[in-house]
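Take a look at this one chain, the form predicted on its own, written out in structure tokens.
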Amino acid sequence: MGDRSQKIIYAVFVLAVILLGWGIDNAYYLQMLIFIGINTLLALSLNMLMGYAGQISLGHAAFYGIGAYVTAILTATYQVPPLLSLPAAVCMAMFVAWIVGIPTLRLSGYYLGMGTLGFGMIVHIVFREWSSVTGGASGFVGIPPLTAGPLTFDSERHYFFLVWTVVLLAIIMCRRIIDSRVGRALRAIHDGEKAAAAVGVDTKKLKLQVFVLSAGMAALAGFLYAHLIYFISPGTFGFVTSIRIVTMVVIGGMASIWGSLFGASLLTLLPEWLHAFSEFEMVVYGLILMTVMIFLPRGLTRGLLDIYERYRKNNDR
């Protein structure tokens, strides 16, 4: 995709955000769009790790939770301004990812998945059991609204524009990384780690770097979530959330920036459409994931583009 095409897509994206932000007055719809933005950050962060670098993670919600809990504790317990808690939340998640990634990323395949799953479960237990700091199973209350100088993001419209501005910046950053030499090295690792190492790619260093970057982006999503809801609980950052993020990536399309947006949108809106099946949430996700993997293994975004290309070629004949 050329620079001109990317600029056109970004322009359409910005125009759509402006039209939705100013055109929708219903607070519920605006909040749903905010959640789509936060989930897009999560899906994008995991896609960098799983879609481009080929590293499975089943504990990504842990970093999401670290970002949320660090800012909650600093702002509500110690009265730190929210903007000052942001770098602390992101850096804490990245530091934990660095510590965990050094031994864990030596694994591969199913073993790496099990390692990240175990890490996610440990973090979830800490959130639930360290009640004197995190509020325990009852949750953490009293998180203040996000402020930046004289601005207070305490309305859905203001928060909508904030979240989607962050999403746009994250998309641009990820696109620049993917189009760079680092991005080509990541795709080489995805296609074959031993082959990448044979041509001089420092696979261990690069895998750790993308793991840390992915954790920082997830923590940023957690920060935005905490100051949107003003309340967090361990259940939000458990195994089900990690599986939901994986499903967003796979359904939208692995190694697809805009697929992350598509998958996040679908999986955020799906529970609203399937209230009658809320007790079977994991079953529904499993069926959707299985169907997509069988019929559209490259995800909905790339699958639909492939169908369109075949249709166009048939009409050109």
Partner chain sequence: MKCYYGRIMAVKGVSLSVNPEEIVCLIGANGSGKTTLLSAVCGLLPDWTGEMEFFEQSLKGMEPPAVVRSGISLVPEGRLIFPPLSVLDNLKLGAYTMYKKKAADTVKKDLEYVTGLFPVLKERFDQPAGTLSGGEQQMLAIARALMARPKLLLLDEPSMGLAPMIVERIMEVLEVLRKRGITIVLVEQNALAALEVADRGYVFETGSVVLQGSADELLADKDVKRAYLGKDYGDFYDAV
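The model shown is predicted, which means the values in this text are computed figures rather than measured ones. Numbering follows the first chain given and starts at 1.
Although not depicted, the form predicted in complex with the partner chain is the subject of the following passage.
At a distance threshold of 4.5 angstroms between non-hydrogen atoms, G192 is in contact with the partner chain in the model of the complex. At a distance threshold of 4.5 angstroms between non-hydrogen atoms, L86 is out of contact with the partner chain in the model of the complex. A residue is said to contact a partner when one of its heavy atoms sits within 4.5 Å of a partner heavy atom; L151 fails this definition for the partner chain in the model of the complex, lying far away.
Using a 4.5 angstroms limit between non-hydrogen atoms, E129 is distant from the partner chain in the model of the complex. For the candidate spot formed by I99, P103 and L105, no residue has a non-hydrogen atom within 4.5 angstroms of the partner chain in the model of the complex. Figure note: of the listed segments 77-85, 131-139, 199-207, 116-124, the one touching the partner chain in the model of the complex, with heavy atoms no more than 4.5 Å away, is 199-207. A heavy atom within 4.5 Å of the partner chain in the model of the complex is found for one listed residue only; from M92, L112, I243, A188, this is A188.
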